[in-house]
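Coming up is one lone chain in structure tokens, specifically the form predicted on its own.
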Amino acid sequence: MSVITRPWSRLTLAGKIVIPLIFLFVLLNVLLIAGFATGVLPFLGGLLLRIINDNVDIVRFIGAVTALLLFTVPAAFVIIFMELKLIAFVNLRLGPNRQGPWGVLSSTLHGLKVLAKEDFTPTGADVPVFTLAPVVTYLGAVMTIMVIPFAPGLFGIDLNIGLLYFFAVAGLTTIGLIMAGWASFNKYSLLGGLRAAAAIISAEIPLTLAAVGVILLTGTLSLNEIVLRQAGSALDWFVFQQPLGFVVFFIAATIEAGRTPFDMAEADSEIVAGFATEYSGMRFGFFFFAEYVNLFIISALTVTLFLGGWNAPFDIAIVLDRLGIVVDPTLDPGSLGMGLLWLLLLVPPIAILLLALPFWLLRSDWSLLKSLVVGFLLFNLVVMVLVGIWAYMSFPFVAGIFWFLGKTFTLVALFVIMRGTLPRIRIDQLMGVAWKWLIPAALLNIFITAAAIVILRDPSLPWNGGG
């Protein structure tokens, strides 16, 4: 065994990852060749297709879960980079600008650094609970994304009680924080866990009550149906019909996400890092990702309930028509025949040359090759923009994703700017705001909404055509 274990122990972390992948790749190729040679693989492929056709709903659900889980990691990296850059901008600094162009790889490298660190368990910790706590926190954040509608027909699952499911599952995040604080065998961690519990109990009630106004207006708990009820222009969004509910929901959502000025659970200047004090390595990484995934999800829910979801604030087709721009998304490229072939052959080199020429003429220190590279990059950027416009006009789900992610990341940017500008408040002040102000305001919003519905929809009243 020493012949195998000794070389393996001398490998670096990268080698221990790459070498098994190479062996796995070679093994898969051998199995594929053997499968095709014996006819077993085509038979298994046909059997697999029949199983998929008989269980389309299950396959779609598994595919949606996998896609959403994979989406959370790059979303967290984007938000981390956004936070680094925006807080640096607020403080008149440059922020990360070394790892990759404009520092875009900094958050990715930070994530890899966290995963490469030693995963340490403190003496006296409750090991099973200590290990499961970050998993519960991360899953509590990720599982809620299943009911968020990203675009028409693009969602994990459309539950008729989707909003109820969201609030129920989101509570698991707090359970994970309490588990981490209790199991760490550290007074600061315990204080962080208790603070998280107190904050969530205080915020969950006004957060739920603020959404009741939207439920009264739509008569449904389905998030997909709530978005459809806001179709039209920006004036149809519930933020204008529920301004008080939106304010209460936004403040309660900030508490729910644990963002400044309500980040008492991991207040660095008071209790070191709260519930995460004793965590390191991959387990700390789960907490780290869960925080930013939760920030994205709470912003996405706010957009879904009050800011129209995937709906555009205006009908872009009407705007283009008034500007005299005609877009035909049904144009068939095949009908252009040889004209399209010549277009594809001649336009790119001419466009690259025209884009590179100004750089070569105006910058005496630039060679022609360097100018052509810049022209090539600019040409690809222009093509991507044009293809994006065509896809926006041709496919409703592309337009939906564009507006949904645009609104969501705008809210995320607002949360980040709040972190860079607002001071942290005390835990007693947070609970006072939640219990003395947010809950009464949410109840007042429910009463006003219910009264308005009765007054405006009652057919027996004179202004509704009654006697």
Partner chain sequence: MLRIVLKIDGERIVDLDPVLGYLHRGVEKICENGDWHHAISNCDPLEYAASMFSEAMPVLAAEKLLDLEVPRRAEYIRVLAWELNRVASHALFIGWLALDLGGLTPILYGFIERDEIVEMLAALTGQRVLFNYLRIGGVNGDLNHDFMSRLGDWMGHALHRIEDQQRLLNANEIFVRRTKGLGIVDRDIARRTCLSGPVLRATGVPYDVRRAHPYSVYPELDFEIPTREEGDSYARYLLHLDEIKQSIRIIDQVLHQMPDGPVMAKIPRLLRIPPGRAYISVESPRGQYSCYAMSDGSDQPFRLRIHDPSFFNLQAVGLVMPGNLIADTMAVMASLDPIMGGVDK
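Positions refer to the first chain, counted from 1. Quick caveat: nothing in here was measured; it's all calculated off a predicted structure.
The form predicted together with the partner chain is left out here; the points below concern that form.
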Flag R50 as yes or no: does it have a non-hydrogen atom within 4.5 angstroms of any non-hydrogen atom of the partner chain in the model of the complex?
no
Considering non-hydrogen atoms and a 4.5 Å limit, does the partner chain approach V90 in the model of the complex?
yes
Partner proximity in the model of the complex: R195 to the partner chain, non-hydrogen atom cutoff 4.5 Å
yes
Is R60 close enough to the partner chain in the model of the complex to count, meaning some heavy atom within 4.5 Å?
no
Select from the listed residues P122, G171, P261, P313 the one whose heavy atoms reach within 4.5 Å of the partner chain in the model of the complex.
P261
Partner-free chain; cross-checking the partner chain in the model of the complex, the single residue of A399, M431, I425, L405 with a heavy atom within 4.5 Å is I425
Determine which one of 204-212, 91-99, 159-167, 137-145 lies within 4.5 Å of the partner chain in the model of the complex, judging by heavy atom distances; exactly one does.
91-99
Can you name the residues of 148-162 that have a heavy atom within 4.5 Å of the partner chain in the model of the complex?
none
